[in-house]
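Take a look at this single chain in structure tokens; it is the form predicted on its own.
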Amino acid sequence: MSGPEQHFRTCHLCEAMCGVVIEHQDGQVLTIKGDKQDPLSRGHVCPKVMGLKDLHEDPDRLRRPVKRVGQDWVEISWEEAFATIEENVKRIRREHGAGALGVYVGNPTVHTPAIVLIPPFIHALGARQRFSATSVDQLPHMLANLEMFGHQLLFTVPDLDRTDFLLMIGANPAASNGSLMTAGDPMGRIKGIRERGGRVVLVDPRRTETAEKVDDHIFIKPGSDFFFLAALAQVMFADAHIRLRHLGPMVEGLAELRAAVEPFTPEAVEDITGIAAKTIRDLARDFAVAQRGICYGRIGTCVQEFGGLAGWLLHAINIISGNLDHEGGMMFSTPPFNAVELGPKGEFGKHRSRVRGLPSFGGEFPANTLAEEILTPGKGQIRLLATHAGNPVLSTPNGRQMDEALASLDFMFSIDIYINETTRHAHIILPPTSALERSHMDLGLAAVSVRNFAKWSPAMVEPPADSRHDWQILLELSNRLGESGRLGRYVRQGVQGAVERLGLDAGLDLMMRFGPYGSHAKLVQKRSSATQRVMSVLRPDREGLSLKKLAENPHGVDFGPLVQRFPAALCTDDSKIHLAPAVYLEDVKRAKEKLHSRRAHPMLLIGRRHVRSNNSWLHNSQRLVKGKGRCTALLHPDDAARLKVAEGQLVRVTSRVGAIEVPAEITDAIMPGVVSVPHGWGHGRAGVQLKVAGKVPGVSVNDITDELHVDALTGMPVLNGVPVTVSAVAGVVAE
């Protein structure tokens, strides 16, 4: 028996990317603590960190491929699993064409370096119907990136460490640990803003955990974020508080933006937002004169009726206030990989979904069209579905319809570690190794980090014999499913070729060497002289960044604060920032109609999250779900009195697509007329093999969100601001 060892790693359970120190012995995790030497998190961790141990040791986690036989699951060999998938994919593709193949990629995919192999896998599969968690999350941000900056992956990042004014809308970093804002310890950084004399304001329909730790919280009616943002911009134009700073020569469309927001005065939006005109006007003026300000919105601003327009104005307000690409404002990270150059530029509306004609984005259709594309007969009907780390039954609208759809497929296979609400419909499940059994480096999230840094960790323990890493599974499937039997146009080129020949780590090493800190950075085009000077400061020596250097620095390598990236990073054809793209100006007409012809709904539904959860995939950890039940319906006391609902009493929340029954939690932390139910629950479905989650199943809020209620611009489902009715379940009080 060996003595205890220390393992330094990045926690991959959410976007915070906290550094951890894992003490382990003979393959057993003894303790997990924050790594005080990590340049990003500086020792901070949240309660979820013990999920690393629980996921690794979970007896419900699959270790070998399984095949569904009737209502039972049997273990099979990897060869049988791969051969069965290959046979069915090629059969269905031959009989029905590539239009009959679909793929869904879930949120956890971004937390693994194997994400680089998702594109070649999808290409080899030949699936023309592609879906992912993007369209129930950050699509409006990516659309704004594409339309205004020329590339879907040019994400803006809050420079929390140097700002004077943080305005947050529809975000709850105290629970999420930051989203599209990889900050290690976001609330510690937000506390730092206040300690140095800055101001933090949160706008949200609920007084969240974050609201308790800011200077001002402002209630806003669900679904009205665009109207609030438009009023802020209108005041800034009316008061001549427009400041472009170094972006001046790059910005076009200023007059068009001014005309677009002109009707949305604070007085005009007062009723629809529920925010007093004076409050909006004062806030706009305070933000406009701040020397270093951030207007940051997250998922709450995205998944609503005007989410596309809200994503646009978040960028626009930062631009016209002089806070885009400016120290202390919304900046752009410089990750160790050239994500913009490696990833596709993106497209919007190039294709339309078969049944409803909703627009594609980045080659994907909105996830709320997946079920209907499976259930609707005709040419292009999806008959085969592959999923990667996704659970659309719980995470996309009308989960009961999704259940029905998945059950009807000719064939389905999943790459996943659990038999959950979605994968129970699969015919074959391929489980990858646990995160602690493979090396780790965050690729996607480094592009939204509030500080430039890089970190790589080797595997903590050897994987079991006859197991497969996620990247090995993806490579094997790509080689088997491609028309030529190999990787097609991806074969032996760049990262994919290096991974196939040498392994994933070799591919990462290659990417780093050609990245901005690598020895071959000078070969990368589109570097201005100013950027080259920055790189000479950031690059620690002539050797440049490599896997070897990161292995020698297990806590990570710090490259310092965010730096100016424009104009060099702009990807538009004319090298301009497009402040008023036509797609938004056209959609503003719809918002004007809403402004003048409003219909009041008695109750509006919103979601919420908790620091001990991450969507649906941490509920099988006893230490993370224990304690007071968290799957409740928050109601304001006025609504509870009107509905004659007592604390803990079951209430029925009903929408067009169905109803759920959930215990009431009465609190003045939510606006009157709003009910909040958390997402990610609903583990009581038959066939789910999650013992801990099954004891606290809760209900799925997405059993009552409506796949037909969408943002007309993006096609995204409306998950915040869903019209519902709430009624007491007579005589029933939850235990």
Ligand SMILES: Nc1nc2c(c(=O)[nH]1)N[C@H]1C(S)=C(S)[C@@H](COP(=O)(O)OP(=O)(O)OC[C@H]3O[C@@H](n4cnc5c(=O)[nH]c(N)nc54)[C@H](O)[C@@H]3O)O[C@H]1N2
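Just count from 1 along the sequence shown to find any residue number. Fair warning: this is a prediction, and the values are worked out from it, not measured in the lab.
Below, we turn to the form predicted in complex with this ligand, even though it does not appear here.
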Q: Select from the listed residues G198, G99, G607, P567 the one whose heavy atoms reach within 4.5 Å of this ligand in the model of the complex.
A: G607
Q) Exactly one of P222, P113, G329, G399 has a non-hydrogen atom within 4.5 Å of this ligand in the model of the complex; which residue is it? A) P222
Q: Given that the partner is absent here, state which listed stretch (588 to 596, 317 to 325, 101 to 109, 285 to 293) has heavy atoms within 4.5 Å of this ligand in the model of the complex.
A: 101 to 109
Q) H388: heavy atom within 4.5 Å of this ligand in the model of the complex? A) yes
Q. So, in the model of the complex, is A133 in contact with this ligand at a 4.5 angstroms heavy atom limit?
A. yes
Q. Counting only non-hydrogen atoms and a 4.5 angstroms cut-off, does P120 reach this ligand in the model of the complex?
A. no
Q: Examine V89 and determine whether its closest non-hydrogen atom to this ligand in the model of the complex is within 4.5 angstroms.
A: no
Q | Sequence-ordered residues of 628 to 660 touching this ligand in the model of the complex, heavy atom within 4.5 Å | A | none
